[in-house]
Each structure stands twice: as structure tokens, then as C-alpha cells.
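The chain that follows stands alone, in the form predicted on its own, written as C-alpha cells.
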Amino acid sequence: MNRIQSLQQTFGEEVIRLDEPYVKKMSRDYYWYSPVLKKQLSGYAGDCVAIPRNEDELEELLSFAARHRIPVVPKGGGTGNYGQIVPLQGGIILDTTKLNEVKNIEKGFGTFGAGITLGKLENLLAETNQELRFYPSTYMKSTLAGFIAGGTGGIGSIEYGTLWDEGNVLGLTVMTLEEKPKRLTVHGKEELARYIHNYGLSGVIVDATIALAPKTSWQSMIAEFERWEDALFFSEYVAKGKHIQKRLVSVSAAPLSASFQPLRSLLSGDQHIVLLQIAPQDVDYVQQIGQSYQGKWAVDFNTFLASQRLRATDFSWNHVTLWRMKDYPDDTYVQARFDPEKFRLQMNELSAAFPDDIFMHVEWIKAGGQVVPSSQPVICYKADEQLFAIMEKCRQIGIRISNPHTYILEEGGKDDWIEHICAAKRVNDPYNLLNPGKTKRVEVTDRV
């Protein structure tokens, strides 16, 4: 009997699933957004899927894996784009979605199990007149721990920043992968950074305490602009306006909105668009400002979304790339953060260098207390060399690139805390069993 068969015999078929089609499905995320990763990762799969029903069972699973030296890849909703949960050395795909307990909700914060989806959490919080500070556009499927271990920011980041900004993630419970797993209680910016955007390398998140925001009845708004400069100037005004309460400031250059299939009856498709979520008291003012920048507002946008069972966030962040790929399957994207003082010049220079290859898409966020134009430009992909040349040009002109075309954590551009993550991994995962191969800085030790 091999190790995986022994695992199933120990925990039962309800917890350990071996059926090949299911295991292959659970071994994938949205890495196919990248033509580079699509070629690199398509053949990988785990040996089984483990679905612990509670934290004690999780602890027993991790102990078994450590004793038998079986790799473990933690998985939430599987909505990541970088191959975070693709197993490079087989082993266990650890499905954490049943660890979804609501442990505590107070005014301003709450503690929740790793596997709770952000969509469910947002609905639960509404009953307490609260909401998430920010979340990814895939929040209906994304899990809390998956977001913390694989995400960055999202809708709401214009007010509250990213996962690394102090005051957002307040605490974590993390389990180590050892013969006798430990439960670590993690607080403080430096300690938390060992587990934020760590791809599950340094420990398995069991639960998280996060800050919450007061509930607001956000109003969705969308305007079209004939000139890109007008759309960009208007979005900047709203993003930087401290007197305007907002949750989303998203800008898509023409013709990206032409691929927003459900909005085709509402939009012309050949204009630049600004998509907003604004607090009710500021809607009239924002409409007036938008008109002063020659913007044309879609009438009754909220009503239209409700009638079509849509959310404004379905057309923001990386959903923009996804809509584009429905019409142009070979297209892809890069992640760029422009300099807030000279982003227009940078955009012009980048577009001039690749006039037919780039469609601008900007998500205004707050990072480190500063409002910045974060961007996910859509790329008309032709070859890997072209894609790498675009990213290199960005670096040359001062645009910070987070490379979404690599599964190596430190190569992705969000590596400020990589040494802290790897230091924690060496202690918490002594056999390098947690998602092995996703960093080049930790080598296999004592693996049999």
C-alpha cells in the first residue's frame, strides 16, 4: 500500500478523494490567464484532495503528511492567477473550504475560519450593519485565507489599502507542518507579513481576524468619455478627493468595454469608461464633476445591474481581462503600478512604444497611505518575448511591475517580505512540504 492509499484508509473516502478527474480539477487555478504559465503548468496535478471537516482533522492530516513526507498545497476557492495552488510535486491538495466557522463578530472586527468565502462573509456582515473593508472581484468564490495568502487588494482598497497596510489583517492562527503541528497565534505587522501573500509556503492559515467597515449602501455609477485624458483626470479627481466616500474607482480604455457582454445594450463600446461605487450622499456631486469632464452617465445603472443580477464589480479588476479574453482568447495582462506624480507621461511613453499591443486599465488604490494608479493593462499577446519586452519597458520608465507570468513567489514583484516568509517556512515546514517549488530560496531538506 502506498502513502496516498494509506492516507485514504486512515481518514476515509469522505475526507480523502482520489478520483482522477476531480483531483485534476482541484489542482488548477486561473493560471491560464497567462500564456506563459499555461505552457508551464498544464501537466501538473496532485495525488489526492484532502477535505478536513474541522481543525483537529486538519492537524491530524498535517501530522500524517509530515511523517510520510507528502507535499501539501493549501487551497481555498482556487481563483488565483499565478498557479499558486498548482502542485509541482504531486501530493495533497488541501481543500480548506469546510473550515468556515464564524468565530466572532464585534463592532469593527471579526474572526473567521480560513475557508469561509468572502461573498458569504459579506452577506453575514450586512446583518450586523458592517462590511468587508476590501475584497477581490472574485469574492463570491474566494476564501478568506486564500485571499490573504494569495491576494493583494481589491474593491475598497481605494479607502483601506492592501493586505499589508496596518490595521486590515489584525491576527492569524497558523498551523505548522510537522510531526506534531503547532498552532501559532500571529500578530503585528512584521509577524503577519510572514503569512500574507505567501502562497501557503510558510504555514496553513486556520483562521483570521480582520478589521471591518461600517455598512454603506454603495451606488454604482458608470460614465463614458470620448477622450482618455478626460476619463483619467476625472478618475484621479474622485480617487484623490478626500471629501468623496468611494469603494471603487476603475478606468478602462476603449475598446475594453466592448467586451463587457452584459453591458452592450447600455454602453457604446467605443468609449473610455469610468466605473465607480460611491456613497449615496456624494452621487449628485460626482455626477456633476463627471459632466464637467465631458462624461456621459449611464441612466439608472443600479437598476439595470439589479435587473440583470449583475454586480458593478463584475467589470473591474481582473474581471476586465476575463471579459476581454472571451472575445480575444489569446490576450493577457500585466500588473503595473504607475508613479502617482508622472503616470500620464509613463502611460503615453508605454503606449507609444507598443501602440497596438496595450489597452490601459487602471484601478485606483491606496497603498502605504498614498493614492496610486494601480493598473492591469490588457496585452494583445503575440509572443513571450513581446510580453517580457513590455514589462522590461515598464521597469525602464519607472513603472513597478508585479509579474503575473511566473509561479515563483519572489519573481512576482510582491517580494518585499520574501525573506521573512522563507525564514518562517524553514521553521514551520522543516521538510519543505508546503507548496514546494514556489520559491527558489528554500531547498529540500531531509526529504525521503
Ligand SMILES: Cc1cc2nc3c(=O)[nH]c(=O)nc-3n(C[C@H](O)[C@H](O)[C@H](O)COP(=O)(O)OP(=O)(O)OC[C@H]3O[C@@H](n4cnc5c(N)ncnc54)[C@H](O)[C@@H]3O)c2cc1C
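Quick caveat, the model's predicted, so the values are computed rather than measured. Quick note: we count residues from 1 along the sequence shown, nothing fancier.
Only in words, not in the display: the form predicted together with the named molecule, which the text now covers.
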4.5 Å heavy atom contact, residue 44 to the named molecule in the predicted bound form = no
Does residue 276 reach the named molecule in the predicted bound form, with heavy atoms at most 4.5 Å apart?
-> no
Would residue 375 show up as a contact with the named molecule in the predicted bound form if we use heavy atoms at 4.5 Å?
-> no
Even though the named molecule is not shown here, does residue 204 get within 4.5 Å of it in the predicted bound form, heavy atoms only?
-> yes
Where does the named molecule sit in the predicted bound form: which of 256-264, 301-309, 204-212, 100-108, heavy atoms within 4.5 Å?
-> 204-212
Out of 336, 249, 149, 231, which one falls within 4.5 Å of the named molecule in the predicted bound form, going by heavy atoms?
-> 149
Could you tell me which one of 365, 92, 362, 114 places a heavy atom within 4.5 Å of the named molecule in the predicted bound form?
-> 114
Members of 55-80 lying within 4.5 angstroms of the named molecule, judged by heavy atom, in the predicted bound form | 73, 74, 75, 76, 77, 78, 79, 80
